[in-house]
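Only one chain comes next, encoded as structure tokens, the form predicted alone.
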């Protein structure tokens, strides 16, 4: 049986179309996915992300634990509230999950993990936490609402409690603020500015109504996916998996190689992969002909980019959609490193030409 967030009744009340997502009953849209997408790009929209799991790590050597578990290095976090994006790897260098960790103090770090991987994430963290004497607590008592868009801050400030506004106003991007029972992170998954607001579950429905009353429109998972893809943000299970490393998933920038003696899980495998030279990389694609790019479609390296006499090289789309902002079909694809600035994609038996670009299409409402 699928789970429901504390906001499920609100989704029904606001006429959300409910679908199953990672074992949760969630709204895919509230009418028009395209309208919701543009609402976030041009104004402000909100998403129920309470299916994601908030994990508090307290006491013991939390820094040591996270330096072992994460490819990125939490030693970079020296200012209270600073957040870090990282992959958590298995011994083979594959991605167990991608997550955000907030450093609040030496005795408190807050981690936010994906809904579909939460169970295995918690098992993996707990498996290693005992050696560092760290307490691990999943905050099932909290809900989370993401408010995103160029007007997200000003509109949410109109209804948030005074103390929350005071804490959130000076927040820089990728920082969080503890507001007692509430927590606000200036983070998101859309390529737009905004907040992810964590509140006691009992207070989430009222907050949802207040935000809606301030002109922040409810948006579903459909718009969240087109927004994140336009922003070039990876989706776990599509653009990265337990079988792919950060190096071939466009996430090499999240690996902290220094200091050399930090032996994070999966490091030796990544070092060997890097030394040998990666064979694939993530790129962005923009379709130049009529059609829609979708996951698992075959990507073929253009013949002129192959060495003389070289065999045909192929890759695969990992995420694809029609971009409402660009009015073109776009995708992320894992392809051979030999690829040039164009390729062809096999769509329903036809080979259609696509431009190869950097894997970021739109940020802060502007085409990149």
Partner chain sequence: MSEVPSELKYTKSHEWLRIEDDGLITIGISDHAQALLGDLVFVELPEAGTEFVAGDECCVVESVKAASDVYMPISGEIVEINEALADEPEIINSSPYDNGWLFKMRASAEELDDLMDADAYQAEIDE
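Residue numbers count along the first chain shown, from 1. Since we're looking at a predicted model, the values are computed, not measured.
Only in words, not in the display: the form predicted together with the partner chain, which the text now covers.
Of the candidates 15, 353, 348, 358, 348 is the one whose heavy atoms come within 4.5 Å of the partner chain in the model of the complex; the others do not. Contact annotation: of the candidates 39, 319, 67, 33, the single residue with a non-hydrogen atom within 4.5 angstroms of the partner chain in the model of the complex is 33. None of 252 to 260, 283 to 291, 267 to 275, 200 to 208 except one has non-hydrogen atoms within 4.5 angstroms of the partner chain in the model of the complex; the exception is 283 to 291. Within this chain, residue 302 is remote from the site of the partner chain in the model of the complex, having no heavy atom within 4.5 Å. The closest non-hydrogen atom of residue 28 lies within 4.5 Å of the partner chain in the model of the complex. Using a 4.5 angstroms limit between non-hydrogen atoms, residue 117 is distant from the partner chain in the model of the complex.
For the chain shown alone, residue 226 is a contact residue for the partner chain in the model of the complex, at least one non-hydrogen atom being within 4.5 angstroms.
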